[in-house]
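Here you get one chain, nothing else, as structure tokens; it is the form predicted alone.
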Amino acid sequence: MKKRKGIMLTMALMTTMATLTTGCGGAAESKSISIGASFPLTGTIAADGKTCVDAVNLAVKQENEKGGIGGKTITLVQEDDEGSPTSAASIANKFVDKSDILAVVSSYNSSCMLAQVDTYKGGHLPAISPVATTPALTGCSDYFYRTAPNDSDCGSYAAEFFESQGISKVALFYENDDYGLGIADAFTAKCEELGVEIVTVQTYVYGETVDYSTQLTATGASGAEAIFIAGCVTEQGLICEQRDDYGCKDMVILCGNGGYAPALLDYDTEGVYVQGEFDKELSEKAKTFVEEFKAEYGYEPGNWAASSYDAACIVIQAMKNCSGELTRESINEQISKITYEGVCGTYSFVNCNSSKKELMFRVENGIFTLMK
């Protein structure tokens, strides 16, 4: 009888311990709260991935210095997705399986986010991307959000800009991949709606095309008054730098938000317009963020650092808004209905997309100047 009582007591203790250490994505008995971060930390875009992670780390550090969430320390679990959808998918499974990870800030590449989003949904793990912009992510999941703009919005905004400037004939350049095509399709549709004529369409290959003589020659002969470039910064810079030699010197040039980076200023881009999401003069909160980021890391944050910081702050604020047990589900509910004033502007979410508007900049005297 004594032996049986001992067995029963042991089983009771094991059951109690299991209850304390497990749960549906909860953090009730833990002394810390974990947030996952999946970004490219090696490879050709590692510098961009690092600035995103630096920004998320800053947000976490600042909240921990204030006492954390309900006295619990926030821990950032960093993973390197290498810019690879395969690696990203593996990381998503790892994050979902770790019950102490209650939310995720991810990813830089749209392809990586697409590889993760269904896994996060299945694990009821809320995820916010500060960079993934593809329209394919719109409305894809009740557990996905983005502080990044939707490419469809970028394309539409570009067409509206030309119409507002009285420009009726434009040339469209886009990199021949999902990113470039997503913006180009939206731009084309909005131009048709507004009566702006696209007189020539030119494509190029990201990371490969360096000579734009063929595209620019065709553009110079097309009657275009302006050029819109849907692509990344290096290619945009090369197009701007080569334009004078092919009859395009006096054309207005607008670069999509892929060009809103300091690297664009290394090229002959004076007078070029650029879409973006962040400016340090936008608000006192933005100025403070830049000062604190520089003090922490020794360099000035750009577009995606600011967007990553806002994404992390939204997750943290959602956690603070939870009135009961902190779970993946309760955090997701708070994110879904949040209105948050970040360093890039005001966020709320509909069909995964942020309500925050694009900004327009012009390169003046070698710096990005916010257009009022």
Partner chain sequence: MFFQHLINGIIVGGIYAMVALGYSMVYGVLQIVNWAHADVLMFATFIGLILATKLNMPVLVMIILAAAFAAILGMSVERVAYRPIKSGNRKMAVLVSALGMSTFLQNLAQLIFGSTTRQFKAIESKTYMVGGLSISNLQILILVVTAIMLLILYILVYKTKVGVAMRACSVSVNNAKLMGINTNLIISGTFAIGAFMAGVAGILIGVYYSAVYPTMGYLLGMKAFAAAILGGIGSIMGSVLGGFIIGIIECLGAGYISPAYRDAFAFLVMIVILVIRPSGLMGAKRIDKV
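Note that the structure is predicted; figures quoted are calculated from it, not measured. Numbering follows the first chain given and starts at 1.
Beyond what is shown, the protein has a form predicted together with the partner chain; the following relates to that form.
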Could you tell me which one of Glu300, Asp244, Glu193, Glu284 places a heavy atom within 4.5 Å of the partner chain in the predicted bound form?
Asp244
Listed residue that, although the partner chain is not shown, lies within 4.5 Å of it in the predicted bound form (heavy atoms), from Thr75, Asn176, Ser141, Thr188:
Asn176
Mark Tyr267 yes when one of its heavy atoms lies within 4.5 Å of a heavy atom of the partner chain in the predicted bound form, and no otherwise.
yes
So in the predicted bound form, does Gln215 come within 4.5 Å of the partner chain, heavy atom to heavy atom?
yes
Answer with yes or no whether Glu208 is in contact with the partner chain in the predicted bound form, where contact means some heavy atom within 4.5 Å.
yes
Do Gly43 and the partner chain share at least one heavy atom pair within 4.5 Å in the predicted bound form?
yes
Is it true that Gln202, Ala221 and Thr234 each have at least one non-hydrogen atom within 4.5 Å of the partner chain in the predicted bound form?
yes
Given that the partner is absent here, state which listed stretch (119-127, 152-160, 102-110, 236-244) has heavy atoms within 4.5 Å of the partner chain in the predicted bound form.
236-244
